[in-house]
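Below you will find one chain, with nothing else, as structure tokens; this is the form predicted alone, and questions on how it binds or moves follow later.
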């Protein structure tokens, strides 16, 4: 296990980068504590896999350093970093038994057979593979093969970090929640530093203690799932996390508070807007919007009944505002008005949070 530090890491695939667009990673400066569970979350092409390859040693960053436990390992090759990596598509030796697949990394390192036996059985028990140990891997389902791939990452006790690169992509949806739960359980049992790369917010938020949200090669925010949900530091984070995502409403600032068409909205705190700001918006999640007797007038456009709650799509002039309404609560049809919970009402200038 190791503390991992990325010290002003930047990377470009261009030979002579001279433009901001030339950088796949614009700058990453972060420290992950020893034994933590972390996730890199963002859409395709945001730089997640590039960063993972830099940590694993498959790529050398164009700028900056990579440190394990404060030791600079930027120029140390991948096979000397003691890293286990689980990929999107399971790497399994079909002609081998499940036992031999799990034992393979240990035998390659000349671990005594008694230790191999004990460790393989320990990991097999964690992954519910004990009954399959003497079966050929070719007979397993896709989720069973991915369990083997996970097991090979977990079986070594000398790894500094275990990295997962979209490991559940090929798993059937109804089995994903089982493996997500299993991964969280394994981290609690083993305590290794784990980094999980995904574009799926559910996977990231259920697995990780802290999530790093990325977009266009930049780190938009690092925080706990609660912090990312309740106080997104950028409108991209608010949009990307949550279903539906955060509402964004154009506004002006009057007497320190946002105002929409003359309707003052009380935000988390009084504020001043930078003079250079080109775009000012209120950000409010649908969970924190409610129908009230007095407030911002809207018209109801559509109601989607999800079961436990309803997503009500409303409109104020040209702005769409979505509201989550619990089952059984009344939705007004005549002259509906809405209000926002001040504690979760944030103001953004050119995408970045002010409150």
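Numbering follows the first chain given and starts at 1. Because the structure is predicted, anything quoted here is derived from the model rather than measured.
Although it is not shown, the form predicted together with a small molecule is what the next lines describe.
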Work out which of 320, 62, 49, 56 lies within 4.5 Å of the small molecule in the predicted complex, going by heavy atoms.
49
Partner absent here, but in the predicted complex, which of 288-296, 66-74, 36-44, 322-330 has residues with a heavy atom within 4.5 Å of the small molecule?
36-44
Wondering, does residue 24 line up within 4.5 Å of the small molecule in the predicted complex on heavy atoms?
yes
